[in-house]
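Let's start with one chain on its own, the form predicted alone, as structure tokens.
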Amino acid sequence: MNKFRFLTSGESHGICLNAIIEGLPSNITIDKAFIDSELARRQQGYGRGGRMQIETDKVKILSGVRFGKTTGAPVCLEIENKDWQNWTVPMSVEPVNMSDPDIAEAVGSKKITRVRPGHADLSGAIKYNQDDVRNILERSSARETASRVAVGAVAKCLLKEFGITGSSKVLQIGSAFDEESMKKEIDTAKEKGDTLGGSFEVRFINLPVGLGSFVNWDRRLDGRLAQALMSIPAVKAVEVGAGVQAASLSGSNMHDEIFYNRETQSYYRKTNNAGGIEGGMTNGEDVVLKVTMKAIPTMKQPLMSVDIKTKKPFQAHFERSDTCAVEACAVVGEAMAAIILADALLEKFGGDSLEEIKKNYNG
């Protein structure tokens, strides 16, 4: 059984971000320009911060692809951090001479002990026994999601071989539900030194029936999608189909009636409250997911917190950040959903080559 697996590495201000993907069959066309366009989408959105002015993310494909097609070997991707040039001393992987006053100043200026409410700072520092929160925030930063978007783009290259495509759209930012109001809320929050969250929808179409399974808890597709989406930094809720609205719907209003088209010899629904998933499996309708993202915890007007060195109260540390990143988070959500769906596709129709998978799929 094929399994689409990946690992990422890298820090926000380190040399680069990396991802290694295992389980891709051979002969999948990998479009570097498409991966770069997905990375560019992640960097867009009203309310993004100064880091987006520095980075222009591009992927380097280092292995597992020859002449534009996968070979069946692990695929290694790399994304350069251009801002690394400004962090070569404080983020050095080699030991540094702290007796040198210039080096000591460069490192000391980037040391952080004032933890941010809502971030991984305090729990991470305690868990990993660190007196410099820099060692926590560099990896827990949402910068890591650039790697996930690159991996998701590769997953999309596989899915589109079977006509499966995905999209996303922002539904809400703060209390606003239309574009003009959203921009006004973001502008107001920026002026106040505050941040905003919101929600977005991820939708995938043309999925075959039967991806996922009901036979064991960890094979249920909705559970796998929810876990993947919840793993995105700042995501606090995931809904499938009607989601939380299902609580107020009777059975007769909630469940999607089933019809049969004799001409196409296929089943269909006129509604999709199930969000394309029943019993942990795709049912042939669009997979529809709603994701809620909290406001970013890094604010120009910080909340009160504690300095972990002195234990005295202070305003939390401010690290360069966005005012709102819901639109970018939606792109990451697409990527994570694509990864899970690609894995489920390989699980059901898997083979060592694209041709073998298509034979299984068509059969």
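The numbering used is simple: start at 1 and walk along the sequence shown. Since the structure is predicted, the reported quantities are computational estimates derived from the model, not experimental observations.
The form predicted in complex with a further copy of the same chain exists for this protein as well; it is not shown, and the discussion that follows is about that form.
Remark: Glu94 counts among the residues lining a further copy of the same chain in the predicted complex, judged by a heavy atom distance of 4.5 Å or less. Contact annotation for Ala274: at least one heavy atom lies within 4.5 Å of a further copy of the same chain in the predicted complex. In the predicted complex, at least one heavy atom of Ile136 sits within 4.5 Å of a further copy of the same chain.
Put simply, Met293 is close to a further copy of the same chain in the predicted complex: some heavy atom of it is within 4.5 Å. Contact check at 4.5 Å (heavy atoms) against a further copy of the same chain in the predicted complex: none of Gly45, Ser167 and Thr188 pass. Residues from 5-24 that approach a further copy of the same chain in the predicted complex with a non-hydrogen atom closer than or equal to 4.5 Å are Arg5, Phe6, Leu7, Thr8, Ser9, Gly10, Glu11, Ile15, Cys16, Asn18, Ala19, Ile20, Glu22, Gly23, in the order they occur in the chain.
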